[in-house]
Ligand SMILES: Cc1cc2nc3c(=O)[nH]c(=O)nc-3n(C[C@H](O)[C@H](O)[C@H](O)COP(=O)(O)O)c2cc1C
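Here we start with a single chain on its own, the form predicted on its own, put down as structure tokens.
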Amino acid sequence: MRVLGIITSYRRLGNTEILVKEALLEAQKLGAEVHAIRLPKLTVKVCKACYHCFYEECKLGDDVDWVFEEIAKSDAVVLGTPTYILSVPGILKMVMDRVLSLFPKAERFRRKPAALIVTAGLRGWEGFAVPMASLFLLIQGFRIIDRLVAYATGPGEILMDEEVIGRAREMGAKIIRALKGEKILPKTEENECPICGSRALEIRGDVARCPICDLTGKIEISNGRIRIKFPEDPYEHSKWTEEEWREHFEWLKWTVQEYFRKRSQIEQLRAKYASFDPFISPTKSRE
């Protein structure tokens, strides 16, 4: 059993790293081989949306292919991220933007268990960090078995909260149980998406829809209390099925082919914008 920790925090031995390591230590104690990656220490280039990776390896030549290979070699993942301005650090989004290169190799990632740790300074200010971090795992085909949101400010301050440290340890044990075949779903708060944990749901008539997972639940009102009843097996009613994944990949390939079919006409229409240069830069502003 190989368990990989992925840490997006720039702080060494900060709250995020400590919680991920606590989960890994427990997994190691229970027999797993454990490793960790610190994303901010790697070279990560911005996706150019060239779609070259649909047909050959990505040509950017940075560390992202190595990251995905390490993830593919692992049996489970523990992702840890702090909250930056109500969301995740940019480094995680930059790696997530490169995930299209995995579509041709989807079978290497399907249905593996993953767990998520999000840290924030103040309760209620984690914003969209949980669903955004969940998306990084879901788009690769993982099933999220556990989520932990922890609150602390200064680096290492989380160590003062023994209950949260215990939860991280429990997460490591859950990963091992999942790897041994136990079906585990994360505990969810009332009226949040059971897959990604999002509370930002769309209301459409008598149903609520998660815009990330495309999962719908029936809205029920009893004694003035609103409750959203989601399906028993949420993954099978979401966009994260293998069928949806492959359909989306085929659609993306079709859009590339369509673009090349229309390219000459598009280039003619783009001509006037090529000669219009309203952009400023530090160099231009000093001239």
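One-based numbering along the sequence shown. As the structure is a prediction and not an experimental result, all values here were calculated from the model.
Beyond what is shown, the protein has a form predicted together with the named molecule; the following relates to that form.
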property: The unique member of Ile85, Ala173, Ala200, Ile203 whose heavy atoms fall within 4.5 Å of the named molecule in the model of the complex; result: Ile85
property: Contact assignment for the named molecule in the model of the complex, among Gly166, Gly121, Pro211, Gly90, heavy atom within 4.5 Å; result: Gly121
property: Contact of Ala152 with the named molecule in the model of the complex (heavy atom, 4.5 Å); result: yes
property: Non-hydrogen atom within 4.5 Å of the named molecule in the model of the complex for each of Phe136, Gln140 and Pro234; result: no
property: Stretch in contact in the model of the complex with the named molecule, which is absent here, among 112-120, 92-100, 188-196, 213-221 (heavy atoms within 4.5 Å); result: 112-120
property: Residues in 40-71 close to the named molecule in the model of the complex, defined by a heavy atom within 4.5 Å, in order; result: none
